[in-house]
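Next up is one chain by itself, shown in structure tokens, the form predicted alone.
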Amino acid sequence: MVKTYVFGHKSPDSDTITSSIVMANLENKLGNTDAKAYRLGSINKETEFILNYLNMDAPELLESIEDGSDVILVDHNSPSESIDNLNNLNILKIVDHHKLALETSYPLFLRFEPVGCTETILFKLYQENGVEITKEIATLMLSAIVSDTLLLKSPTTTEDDISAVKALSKIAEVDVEEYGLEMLKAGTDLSSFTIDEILQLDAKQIDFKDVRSIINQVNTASIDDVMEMKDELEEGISKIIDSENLDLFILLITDIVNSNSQVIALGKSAKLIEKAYGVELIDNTALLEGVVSRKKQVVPIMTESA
């Protein structure tokens, strides 16, 4: 029986899936615990590309855990993004690059750093503990950093991310630009997803003061292709707003080639987009030039404007 469950956030992205695998491996190598990686949702096309490249299976889907079980959280710490009974679990460790959103009544290991990707922190933990980074582990780490930083072009990118990619690319024996672009483009293929699935691919509930909101971000190599589904996307967004009692739903359609995002915003607080970015929403949409990072270029600006 598994002693420690390692998992990232719901609607998992590449950082969450790879970090779960890499963190579980680190724990087992150090002999700290009998750890196993899990996921809290379906993997996306980009993550599927990474796992197929390495001929690896996705972590097992985790639907429930017994109260009192030992867990390690990676790439998240907010209860709203985690397993439903998180408050009844024993959190041993958290490794994350997001803001602190969790309170506990007991001490635990925390490793938070303002870097572009959780895997950058895990890269340091492997080095600090003298644990070998194999070619497979290096590829997982590298892939996630490339994903979260959009090939090191996102404003979330730090010197630590750049240094990690440089070192990991040598171990993984990959051309970062060639592999990274192929991986990112694989993640933009939405052809096999339903509208409901697209709207849940990378959805995070992030409230701006009293504005109850969800921000979903999808990457694309062609904004126009995604905007052809605008009517269907808006219909799906309206249903989510009603069912979740939201004030605002933001869909960021991010162009990985030109580093812009088209935004579709619905809800009674949609005008907050106009106030935050000085744009005009025409038919619920506007182009946000240079905006590619939800964490750095959306959440703080929207919060300040709310």
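Numbering starts at 1 and runs along the sequence shown. All figures in this text were calculated on a predicted structure; none of them were measured in a lab.
The form predicted together with another copy of the chain exists for this protein as well; it is not shown, and the discussion that follows is about that form.
Student: Which residue among Lys135, Lys153, Lys166, Lys99 has a heavy atom within 4.5 angstroms of another copy of the chain in the predicted complex?
Tutor: Contact with another copy of the chain in the predicted complex is made by Lys99 alone.
Student: Using heavy atoms only and a 4.5 Å cut-off, determine which of Glu113, Asp207, Glu232, Asp189 is in contact with another copy of the chain in the predicted complex.
Tutor: Spelling it out, the residue with a heavy atom inside the cut-off is Glu113.
Student: Even though the partner isn't displayed, in the predicted complex is Glu128 close enough to another copy of the chain, meaning a heavy atom within 4.5 Å?
Tutor: So Glu128 counts as contacting another copy of the chain.
Student: Counting only non-hydrogen atoms and a 4.5 angstroms cut-off, does Asn88 reach another copy of the chain in the predicted complex?
Tutor: Asn88 lies outside the contact set for another copy of the chain.
Student: Check Glu103 for me: does it contact another copy of the chain in the predicted complex (non-hydrogen atoms, 4.5 angstroms)?
Tutor: Judged by the heavy-atom cut-off of 4.5 Å, Glu103 is in contact with another copy of the chain in the predicted complex.
Student: Check whether Ala221 has any heavy atom within 4.5 Å of a heavy atom of another copy of the chain in the predicted complex, and answer yes or no.
Tutor: Residue-level check for Ala221: no, no contact with another copy of the chain.
Student: Hey, of 103-111, 145-153, 221-229, 199-207, which bit sits against another copy of the chain in the predicted complex at 4.5 Å between non-hydrogen atoms?
Tutor: Of the options, only 103-111 has residues within 4.5 Å of the partner.
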